[in-house]
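Heads up, the chain below is alone and in the form predicted alone; it's given as structure tokens.
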Amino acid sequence: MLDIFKKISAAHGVSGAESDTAGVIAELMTEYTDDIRIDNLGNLIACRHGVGENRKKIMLCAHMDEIGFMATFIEKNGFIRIAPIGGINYTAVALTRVRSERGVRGIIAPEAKTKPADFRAENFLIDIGAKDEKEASRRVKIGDCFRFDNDQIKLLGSRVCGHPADDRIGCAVLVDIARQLHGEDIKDDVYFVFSVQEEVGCRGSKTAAFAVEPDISLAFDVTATGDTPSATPMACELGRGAAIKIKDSSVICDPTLVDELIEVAKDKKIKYQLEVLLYGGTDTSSMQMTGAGSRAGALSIPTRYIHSANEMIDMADAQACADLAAEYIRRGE
């Protein structure tokens, strides 16, 4: 799965500009699914048709988009003013490398003498090394999007860091689930949805769920951990397996679905942990409430340093999520 994760992570995909990522994923999914389409908002929806009677629709969703920055103004001295796309921790991103969709590299930096307590969007600029406005304007246009320029690197054991784990690791998990199920007869129809614009309001998953009308939906996304020094107490840790979500600030997961996932994990001896996230949300809530609603849950990948240029995950946790979901689908109802 690591090679797939790296391939998907390398594609540009700031919210609202996910087409490069969609192209990479479509190429990976073609072999494993019966049909693939891209909807009007840009969601990539791939389907595996089941063979059972009274088939249910199971929607698996991971978002393709990533946080980033949009060029809003070019200063006389060639520095580029920016607006945030998604939630940005400016202390975490100060003096990190970025790259535009046109391939222009630069550094995002605070204005001189700005104290960390005053770090806000209006105090940050991107320096591409331009001598002046004229030179910068040849390489950057208003509306261009920049992403963190940090490839995934392998650390000790099965741990990896870089950008964006959120949520290209969820996308890699979906590809692996499709790979595992390839060639098998499965009872239910499974929709693999790679959604857009999650970071700016879970927009893509809403339209996708409206179209699919799932009976059961599972989101695959990152979650915080409580395993770093002085961290807010939380049961999730790197390396302890798939995190079965119970709730976050936007959703209370279907209790029966939570119990079913736990039962499968125990039966198949797949490592798991339970997630209660005190803040934030994912596509789970929008899938739960769209149309007539669905039985919704989530399998999360514990991640350190979320929304930074160096998000850290354990690939064993991602594999546990893929294995658990695949076994759940094989079991049927």
Partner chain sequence: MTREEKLQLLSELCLEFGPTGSERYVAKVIKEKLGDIEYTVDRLGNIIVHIPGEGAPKLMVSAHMDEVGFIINEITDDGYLKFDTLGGIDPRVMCGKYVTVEGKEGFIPGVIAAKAIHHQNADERKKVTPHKSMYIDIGATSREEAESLTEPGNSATFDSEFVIFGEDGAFIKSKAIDDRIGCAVLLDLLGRLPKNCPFDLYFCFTVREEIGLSGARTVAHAIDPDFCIVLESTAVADLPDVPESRRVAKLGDGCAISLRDNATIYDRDFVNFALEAAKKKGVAAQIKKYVSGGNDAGSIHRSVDGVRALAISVPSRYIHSPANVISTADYLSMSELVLAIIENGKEL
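Since the structure is predicted, the reported quantities are computational estimates derived from the model, not experimental observations. Numbering follows the first chain given and starts at 1.
Although not depicted, the form predicted together with its partner chain is the subject of the following passage.
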Please tell me whether any heavy atom belonging to R203 falls inside 4.5 Å of a heavy atom of its partner chain, as the geometry stands in the predicted complex.
yes
So in the predicted complex, is its partner chain close enough to G129 to count as touching (4.5 Å, heavy atoms)?
no
Its partner chain contact in the predicted complex: N54, any heavy atom under 4.5 Å:
no
4.5 angstroms heavy atom contact with its partner chain in the predicted complex for S158:
no
Proximity to its partner chain in the predicted complex, single hit among I262, A83, I153, I252 (heavy atom within 4.5 Å)
A83
Please pick, from A211, I186, V140, I246, the one residue with any non-hydrogen atom lying within 4.5 angstroms of its partner chain in the predicted complex.
A211
Is its partner chain close enough to D215, A242 and T284 in the predicted complex that each of the three has a heavy atom within 4.5 Å of it?
no
Which single stretch, out of 88 to 96, 195 to 203, 176 to 184, 225 to 233, brings residue heavy atoms within 4.5 Å of its partner chain in the predicted complex?
195 to 203
Need the contact residues for 23 to 61: heavy atom within 4.5 Å of its partner chain in the predicted complex, sequence order, or none if there are none.
D39, N40, L41
